[in-house]
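Single chain ahead, by itself, as structure tokens, in the form predicted alone.
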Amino acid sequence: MYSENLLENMELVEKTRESREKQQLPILNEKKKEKLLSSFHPDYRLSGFRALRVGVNRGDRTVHEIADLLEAFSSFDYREINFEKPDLETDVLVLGGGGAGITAALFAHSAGAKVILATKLRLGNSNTIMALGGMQASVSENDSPIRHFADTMVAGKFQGRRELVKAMVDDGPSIVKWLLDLGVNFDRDEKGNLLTKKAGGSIAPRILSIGDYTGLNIIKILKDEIRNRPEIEILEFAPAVELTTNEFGECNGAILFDLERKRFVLVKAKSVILATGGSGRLHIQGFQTSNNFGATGDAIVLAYRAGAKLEGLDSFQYHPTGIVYPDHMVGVLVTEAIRSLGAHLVNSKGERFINELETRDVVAAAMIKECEEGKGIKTPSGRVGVWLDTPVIEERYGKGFLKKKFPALFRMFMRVKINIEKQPLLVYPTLHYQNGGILIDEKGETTVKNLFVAGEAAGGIHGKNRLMGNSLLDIFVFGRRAGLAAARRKYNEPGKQTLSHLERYYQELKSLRITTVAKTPRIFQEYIVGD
């Protein structure tokens, strides 16, 4: 339920709706986009960044929160671990139980490898289940992987690695077929064809979705599939706290921490796949986040200490439409599909100020500009946002449309007495995605041999801005590729497990006189675990 001052400003949204419907706001030219981004997008705020002082990316620019994460010691004392006697041994160890991790485990198992999957939370509890809008894949007649490639490169400001983008878009149609074969029911039109929608920054309708539960529905299917393969051992509430390496610096396992029994579990493996997600819960530059509680950047800490090169960790995606009211829902995402269907972004004067189908970075920067220039709407707790006029969609497509197309969104807001058919939502950019990560090749392998990465932890794919729907595609594409490639290492001799890489890393920190009270990997933020 809205407060009186918000209801008062909302009247202006209603009064200007008819005139706004007649407006055609142009897409900005490149010069105007660059000016907007450099003035208002968080990635351009110099005060938010510094150079890394340690490791293979020493000298590279990243945000303070990531630098703090990487320039820290572990809170764990590993001296009690007997590295001569691992608790478990396997061909492939998958770390992470979201869409990328489950996909990697399924394909590695299908290729004949013995697989263990360990995850910080419960299987499936990840950012994947929060993917509302859908997945990009060029499956319609008027589309092609080439067009998808072009959209992705443009959105990423040509900073994505061409070979990785090509792998992702080329595999898209076959990944859709794989998901359909598993039983995923993407939405279809009245003729039974797959229904595709157009996303911001795309030249063709390419988004496949399942209502506004796309990620959640897919995870349900994947969980059923992996549960039907009892040979895959699943360890829940067992986050990885360090990787192990042999005398050649090759990855050969990991140390897990059993959260329930409070003890280490040493796993020896011929290859390891990191799929533990991104870092939204670091609240970079103080932003609210849409991310799962487990997204604390564990993968980049573990891989970096082991010597893996990172790429693009100076770029993060701030999804334009994160909720700022009511307070207990701050950061919760409103799917981009709402804007794709014509919802307007409206400032406190009742004006549209940006074409809502610009790429996410441009829309987010435009919203921040309005708020910083005094044209935002202030909530009772002091937050600021702009209106997302959802009733305009209802008026355009007819009564009941929003409830039918976005049942989860409709129900979520009805619980707080906000009817999105009649009332707009108050939104502000929310930290949504880590555009960079651990550099991989087309097989998903990092610069550390036998260490693979899939999902948001991977770097090099999305450049400086990810296109909507490409994250849901990349987790399956590179989950599959990493699973198959890792399985082919099952004849490896992993060698003796050591933490030599960690000792070298600590020595480097000490030699540079870097001292910090921070301990990493963080596992959970303090507001989750308390004192």
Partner chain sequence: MSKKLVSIYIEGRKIKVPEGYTVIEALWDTGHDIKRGVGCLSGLCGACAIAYLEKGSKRVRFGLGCQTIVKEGMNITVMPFFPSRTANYIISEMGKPIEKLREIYPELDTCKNCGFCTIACPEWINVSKVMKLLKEGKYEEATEMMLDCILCGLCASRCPYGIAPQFISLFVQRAISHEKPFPENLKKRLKEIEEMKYDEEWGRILQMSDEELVEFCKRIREEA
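Quantities reported herein were computed from a predicted structural model and do not represent experimental measurements. Positions refer to the first chain, counted from 1.
If you look for the form predicted together with the partner chain, you will not find it shown, but the lines that follow are about it.
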Choose from 225-233, 420-428, 302-310, 84-92 the stretch whose residues reach within 4.5 Å of the partner chain in the predicted bound form, heavy atoms counted.
225-233
Let me know the one among E247, E80, E190, E260 whose heavy atoms come within 4.5 Å of the partner chain in the predicted bound form, would you?
E260
Under a 4.5 angstroms heavy atom criterion, identify the one residue in F149, F73, F264, F287 near the partner chain in the predicted bound form.
F149
Within 4.5 Å of the partner chain in the predicted bound form, do L121, D143 and N217 each have at least one heavy atom?
yes
Given that the partner is absent here, does F401 sit within 4.5 Å of the partner chain in the predicted bound form, heavy atoms only?
no
With a cut-off of 4.5 Å between heavy atoms, is A113 one of the residues that contacts the partner chain in the predicted bound form?
no
Just to confirm, N347 within 4.5 Å of the partner chain in the predicted bound form by heavy atoms?
no
Whether V169 contacts the partner chain in the predicted bound form should be assessed with a 4.5 Å heavy atom distance threshold; does it?
yes
Quick one: name the residues from 172-209 with any non-hydrogen atom within 4.5 angstroms of the partner chain in the predicted bound form.
P173, S174, V176, K177, L180, D181, L182, G183, V184, N185, R188, G192, N193, L194, G201, I203
